[in-house]
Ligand code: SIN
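What follows is a single chain, given as structure tokens, in the form predicted alone.
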């Protein structure tokens, strides 16, 4: 293994069906579960000849930023095209989904029992051209937390692949360790109002009841993005993920921002706490230790 920075570690995997690590994935998991990014510079997702036509943002419907599959064999969402074209797009994204699931299950055997594949996305739009609010601006450093989808402490693992055909990298900023940003931002986040979680769920604003953990994670997300001084001055690195490379991180823990790039595939996974190799490093355990109370 080669260390590219304190936050990003390069590994030599070059196949979507690699061998199981000799240590059962412990070393890689410790890097990942401590907030690091695992970078696979030799692992590419190769398009079939008939799929090259999908390297175009014209397939996006309206103002959506990505095309997505919610589950295996589902119809692709957010796309424009004929029935046969949408079927081809779905097959391409579905093939990436299959490869990503196999890779993560192989590299991290302890994840297999609890691992739940989520949405698979294809993002053909240019990152720099997006116009959005500060809260939805992913070019600002943030940790992932979603207003309508509470996790109750369940982890968000995401795998990305740059498939740009003309050599353009996916440029990220990676910020400071999770506990460090908590020390900066957590004092700004107030506790939830009594009964607010019940009301949000009853009104259908959240899909399930929001725990205090989810409330704090949303607060961290918003405070990070809102603070332009923090965005400029906090400890961070910039890293260019080249075409034909793959990377993964726990996006609820790794502070990240997408600055530029186009044509990326992404697979989201959900993972319960019981499946982690090092649960004490998780955001839930860190926040419970800092607040001194159970949060989920």
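Residue numbers count along the first chain shown, from 1. Note that this is a predicted model, so its numbers are computed, not measured.
Separately, the form predicted in complex with succinic acid (SIN) exists; it is not shown, and the next lines address it.
- Although the partner is absent here, residue 123 is a contact residue: one of its heavy atoms lies within 4.5 angstroms of succinic acid (SIN) in the predicted complex.
- By the criterion of a heavy atom within 4.5 Å, residue 170 is counted among the residues contacting succinic acid (SIN) in the predicted complex.
- A residue is said to contact a partner when one of its heavy atoms sits within 4.5 Å of a partner heavy atom; residue 142 meets this definition for succinic acid (SIN) in the predicted complex.
- In the predicted complex, at least one heavy atom of residue 256 sits within 4.5 Å of a heavy atom of succinic acid (SIN).
- Proximity to succinic acid (SIN) in the predicted complex, taken as a non-hydrogen atom within 4.5 angstroms, holds for one residue of 87, 179, 138, 72, which is 138.
- With the partner removed from view, the residue among 215, 97, 164, 158 that has a non-hydrogen atom within 4.5 Å of succinic acid (SIN) in the predicted complex turns out to be 158.
- Shown alone, this chain has one stretch from 257-265, 226-234, 47-55, 29-37 that lies within 4.5 Å of succinic acid (SIN) in the predicted complex by heavy atoms: 257-265.
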